[in-house]
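Next up: just one chain, as structure tokens, the form predicted on its own.
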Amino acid sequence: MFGYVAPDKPELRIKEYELYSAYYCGICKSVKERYGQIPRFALNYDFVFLALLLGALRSPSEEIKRERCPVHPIRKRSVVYNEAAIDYAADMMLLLTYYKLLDDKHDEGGLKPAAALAVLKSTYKKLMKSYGEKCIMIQKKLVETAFIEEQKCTSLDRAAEPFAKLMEEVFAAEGICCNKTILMQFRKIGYHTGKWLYLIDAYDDLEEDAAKGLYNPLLLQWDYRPAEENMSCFRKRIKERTRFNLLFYLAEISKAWDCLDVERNRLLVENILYSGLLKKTEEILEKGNTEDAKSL
């Protein structure tokens, strides 16, 4: 994921925010205990969403401890322990981080992604042993993505499809849930989350991709011509269609979630789904609108 999936914090009650933070710290502790200190650099709040969703399927309450950590030494923090959903979310976070670094190294080169890949190599080997089939499927979708980018595909739907299928596989945690009906809804949540992430990231990165000559389906599908319009004008031209697609994906995620009869973590999950993702959508759509859009 890309750092877009977060709760609407002002709308959370204190105990809900404490639980959200406890899941995040739980992912951090899970990585440390199973893979060591260094892989913790991959920590990402996005994967709290996955842990909360999967944790909602379990009926007992979480095992929460209060403790200090080197990053927050003064005040004790809540940490969720012994939670299968946390371990799985941590593993998927590390796995996708590894593949993201591979992509960065391929696209831009440099020492930073190469060094990070070297650090995660042993962790990746462990993940391959635990999730062999899932890793192969994810690799296949990444190859499809690379091929689509090399072909300069002008279709956003086609460009986003491999990543959506990849996220569908990530959300299908068969080891935690064996109910096929529930897994089907989780696959739908993962698929449309992947579509939303791909599109919002593409819209967010328009300036950078245009400047560096990187592939971005929005630039191609909507025929961006820098000699004829500036980026602010281009953003305004595609804004409403982008909003329509983003809101459609969020609606599909919500429909799948509403089919799940669960109470645990419900308020937190719905804060993210109905408020956090919607706010992030509007925030990214408004990017660049503070400047005057003057035609060249």
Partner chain sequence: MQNPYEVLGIKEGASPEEIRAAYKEQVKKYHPDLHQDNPLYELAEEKLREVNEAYDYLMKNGGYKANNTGYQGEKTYSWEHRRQSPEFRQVRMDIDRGDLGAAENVLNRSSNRGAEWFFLSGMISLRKGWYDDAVTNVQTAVSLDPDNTEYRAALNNMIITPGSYRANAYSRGYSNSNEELCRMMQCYCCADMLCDCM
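Model, not experiment: these values are computed from the prediction. Residue numbers count along the first chain shown, from 1.
One more form of this protein should be noted, the form predicted in complex with the partner chain, which is absent from this view; the next part is about it.
Trainee: Counting non-hydrogen atoms within 4.5 angstroms of the partner chain in the predicted complex, say which of E33, E67, D258, E228 makes the cut.
Mentor: So the residue touching the partner chain in the predicted complex, by this definition, is D258.
Trainee: Exactly one of F147, W222, Y81, Y99 has a non-hydrogen atom within 4.5 Å of the partner chain in the predicted complex; which residue is it?
Mentor: After the contact test, the surviving option is W222.
Trainee: Of these, 22-30, 35-43, 242-250, 48-56, which stretch puts a heavy atom within 4.5 angstroms of the partner chain in the predicted complex?
Mentor: Going by heavy atoms within 4.5 Å, the stretch is 242-250.
Trainee: Indicate whether the candidate residues E11, E161 and S275 are all in contact with the partner chain in the predicted complex, with contact defined as any heavy atom within 4.5 Å.
Mentor: The answer is yes: all three residues contact the partner (heavy atom, 4.5 Å cut-off).
Trainee: Answer with yes or no whether S232 is in contact with the partner chain in the predicted complex, where contact means some heavy atom within 4.5 Å.
Mentor: So S232 does not count as contacting the partner chain.
Trainee: Test of understanding: in the predicted complex, would E270 fall inside 4.5 Å of the partner chain by heavy atoms?
Mentor: Because a heavy atom of E270 falls inside 4.5 Å of the partner chain in the predicted complex, the answer is yes.
Trainee: At the 4.5 Å heavy atom threshold, is K141 in contact with the partner chain in the predicted complex?
Mentor: Although the partner chain is absent here, K141 would stay clear of it in the predicted complex, with no heavy atoms inside 4.5 Å.
Trainee: Decide whether Y191 counts as a contact residue for the partner chain in the predicted complex under a heavy atom distance cut-off of 4.5 Å.
Mentor: Y191: contacts the partner chain in the predicted complex.
Trainee: Mind listing which residues of 75-102 have a heavy atom within 4.5 Å of the partner chain in the predicted complex?
Mentor: In sequence order, R75, R77 come within 4.5 Å of the partner.
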